[in-house]
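Next up: just one chain, as C-alpha cells, the form predicted alone.
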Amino acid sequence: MKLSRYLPILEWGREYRRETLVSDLMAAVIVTIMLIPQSLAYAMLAGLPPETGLYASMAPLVLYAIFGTGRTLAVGPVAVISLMTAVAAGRVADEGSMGYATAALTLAALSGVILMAMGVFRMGFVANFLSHPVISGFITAAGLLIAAGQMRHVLGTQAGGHTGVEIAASLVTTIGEANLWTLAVAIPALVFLAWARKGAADLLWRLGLPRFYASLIGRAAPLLAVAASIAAVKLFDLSARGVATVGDIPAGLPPFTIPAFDPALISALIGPALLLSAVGFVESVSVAQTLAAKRRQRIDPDQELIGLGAANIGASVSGGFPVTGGFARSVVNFDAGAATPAAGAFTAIGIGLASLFLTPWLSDLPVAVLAATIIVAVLSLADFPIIKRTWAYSKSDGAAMTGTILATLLVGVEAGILTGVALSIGLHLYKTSRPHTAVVGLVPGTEHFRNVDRHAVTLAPKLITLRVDESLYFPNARYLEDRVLELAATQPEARHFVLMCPAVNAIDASALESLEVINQRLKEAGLSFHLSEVKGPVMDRLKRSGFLNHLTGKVFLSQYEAFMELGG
C-alpha cells in the first residue's frame, strides 16, 4: 500500500484488461496525431529547435504514466509554460545558442526537483496562493502576449519584443516588410484552424458521421493544415519566395542530455523555476481534477506533484524543456476513451515513431502555420467574459485579475504572476483586517439572532451583542478592540457585552491579547464581557491560556441562552 502511494501504476496496473488496452491505444493514436504539430509549435514558442518539442513529448509521458494519478491527463509542452521557458532562458543566453538549450534543460530539471520535493513533503497547498482569478487573468494575458508575439511569423517580418507594448510597437514599425507569400499561407491556415475548432465537428456530424468521431477528427485539424501547407510549399516553391520553413529536423529518438550544475546558472533560474512549477502545477491539477470528477475518480495533489516532477526531470535528460498537463490534449485524450495513464505511454511511442520516420517530411513545414496553430490554441484559452463576472462578484478579486493582466502585458509574464499573488495576498489581508461585524438582536418568535440593520429584531437595553464573522488574528485584533469600545461608549445604559463567535475558527496570540484588553476596558466602564457560541477547538485553546480565569462574564453555549439570562 505504501509503495502504490508513490507508484500509482501498481494500483491501476493490477486491473488492466484487454478492453482497457484497446481504449488506451485508440486514444493514443488520436492524441499523437494532435500532439505532433503542437509539439513543434510549442518548441518554436520556447525558442528551441522543433525537434525538442517531440523530445519533450516522450520520456515525460512515460514517467507521468508511472508516477501520476490522473487517468486521462496528457502531459507535454503547453503554451504558457513554453513562453515562460523562453523568457527565463532568454535572460541567460541568446536564443539559438547552446547556452540557451542548456538553460531550458536546467529549467526543466529545477522545476522537476522543486515539484518532487513539494510532493514528498506534501506541500500541494502552496499552489492555493495562486487564486483562480489570478490564474485566469494570467492565462488570458499570456495568451494575448503569445498571439501578438507570433504575428511576426504570420507576417514574415523580424518584429520582436517581450512585453505587449514592445511587440505592438515592433509590429507597427515592421509591417511594411510583410511577405505576401507568407501571408498567403498563414491567413488560410488561421481561418481554417479557427473554423475547425468549432465548426468542423458540426459539419461532419451533419454529413452523417457520428458526433464522437466528428469531434475527434475536428480536433485533428492542425495536422491537416500542416500537410496542406507542406504540399503548398513544395508545389509552388514557396521557400524561394521568402516563406520561412522549419528546415531539416534530425530523425531519431531523444538524446541523453545533462542539465548544467553551474551555481551561477542555477541561481539565475531558480526564481523562474519556482514560478513555472507553481503555474504548471495549478494548470495541470485543475484539468486532472475536472476530468477525474466526470468519472468519479480521485486525484492526489501531492502525488501529482511527484508525477509532474518526474516528467520534468525526464524532459531535462532527454533533450526537452519544461512540461505540464495540457487542457486541450487532455480533453481529447478523455473524449477518445483513454482509461489509464498507459494511453500517455502509448502516445510517447507514437511520437517516437514520428521522430524516427516522419521528420524528413516536415522540413518544408512553414513557420507561419506553426504560428497559426499557436495563435488559435492560445486565444481559445483567453477568457474575457470572466473579467466582467469577477468584477461584478468581487471587487478585490477583480482588482487582482486586472492587475495580473496589466502587469503581464506591460511588464512580462513573471511580473504578471508575482503581481497577481501579491495583490491577492494584500487584498485578503486588507479584507480580514476589517472583518464584517454586526450588532444582532432576537428575531421575534424564534431563537435566531440577526443583524439589526437587515431585520426587525428585539433588543435588550442592558445588553449589546456583536457578532464577528471572521477568525481573530493579528491584522484584525486592533479593529475589534476599537469596534467593541465604540459600541460600549454609544450605549451608556448597557451592562453586558456579548461577543458572538459562530464564525471564529481561530484566535491567535495577538487577538487573545486584544480580548484581554477588551475585558479590562469593559470592566473599567462597568460592563461584563461575555462570549457565546465559541467552537470547541477555540474553547480548548482559551482554557489553556488562562483568559477565562479573568473573564468578567460567562461563556454561553448559545446566544439565545445569553439573551434570556442577561437581557432582563
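Residues carry their position along the shown sequence, with the first being 1. Please read these numbers as outputs of a predicted model, since none were measured by experiment.
Omitted here: the form predicted in complex with a further copy of the same chain. The next part is about that form.
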In the predicted complex, segment of 130 to 138, 271 to 279, 372 to 380, 196 to 204 with a heavy atom within 4.5 Å of a further copy of the same chain: 130 to 138
4.5 Å heavy atom contact, V367 to a further copy of the same chain in the predicted complex: no
Heavy atom of S363 within 4.5 Å of a further copy of the same chain in the predicted complex: no
4.5 angstroms heavy atom contact with a further copy of the same chain in the predicted complex for R18: no
Close approach of G247 to a further copy of the same chain in the predicted complex, 4.5 Å, heavy atom: no
Full three-residue contact with a further copy of the same chain in the predicted complex, heavy atom 4.5 Å, for M26, E166 and R241: no
One residue of G143, G441, P475, G319 in contact with a further copy of the same chain, assessed in the predicted complex (non-hydrogen atom, 4.5 angstroms): P475
F125, F357, F256, F384 - the one with a heavy atom within 4.5 Å of a further copy of the same chain in the predicted complex: F125
In the predicted complex, residues of 531 to 554 near a further copy of the same chain [heavy atom within 4.5 Å]: K535, P537, D540, R541, L542, R544, S545
